[in-house]
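So this first bit is one chain, no partners, the form predicted on its own, shown in structure tokens.
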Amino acid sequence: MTNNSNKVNIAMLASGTGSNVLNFINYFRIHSRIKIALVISNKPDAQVLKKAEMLNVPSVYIEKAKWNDPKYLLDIFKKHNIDFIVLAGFLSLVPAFLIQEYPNKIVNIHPALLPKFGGKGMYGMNVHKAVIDSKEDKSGISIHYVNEEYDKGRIIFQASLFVSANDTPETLAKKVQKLEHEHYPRVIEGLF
């Protein structure tokens, strides 16, 4: 930990509605060791920013050009005493300098069983559609460390579910999201 408190300060990065972020904020609201200290989005109109504000969690929008500015970006993380970074529906590649600054301290969740259905462009409904189109009988979640390639970091945890013949990408998304909400905060909690 780099901050002066006794809690691990987590920054959450998200691009969309933020259901996982909301789940994390609620899960860690009165936690003795872990605090959601900052929510960051790369989309100015992301619902996750409004949700964080409503729950009194500091949040910031960072425009695309600033993600490549080490001083600007790292200053934000340092200002909020961030110890650990959790991606939750963050749809950009994390800059290499941030990975180097936080080695093995950046984690992502992927809505499929990696190494299948990972990589650039494989997010959200794209993943669920690919799983259905491939006639897979299982899908799930993969929680992994972040490295310089999309979805290639070391896997920490996986949970699976059965894909039924009647599933659509939308129904599969709901089932996978339930797994995310059930496991993601607990897996992160177990890292400390």
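Quantities reported herein were computed from a predicted structural model and do not represent experimental measurements. We number the residues from 1 along the sequence you see.
The same protein also has a form predicted in complex with a small molecule, omitted here; what follows describes it.
Chemist: Which residue, 73, 94, 122, 107, has a heavy atom that falls within 4.5 Å of the small molecule in the model of the complex?
Modeler: Of the candidates 73, 94, 122, 107, 122 is the one lying within 4.5 Å of the small molecule in the model of the complex.
Chemist: If we define contact as a non-hydrogen atom of the residue within 4.5 angstroms of the partner, is residue 20 a contact of the small molecule in the model of the complex?
Modeler: Residue 20 belongs to the contact set for the small molecule.
Chemist: With the partner left out here, check for me: in the model of the complex, does some heavy atom of residue 168 sit within 4.5 Å of the small molecule?
Modeler: Because no heavy atom of residue 168 falls inside 4.5 Å of the small molecule in the model of the complex, the answer is no.
Chemist: Tell me, yes or no, whether residue 136 is in contact with the small molecule in the model of the complex, where a contact means a heavy atom of each within 4.5 Å.
Modeler: Outside the cut-off, so no.
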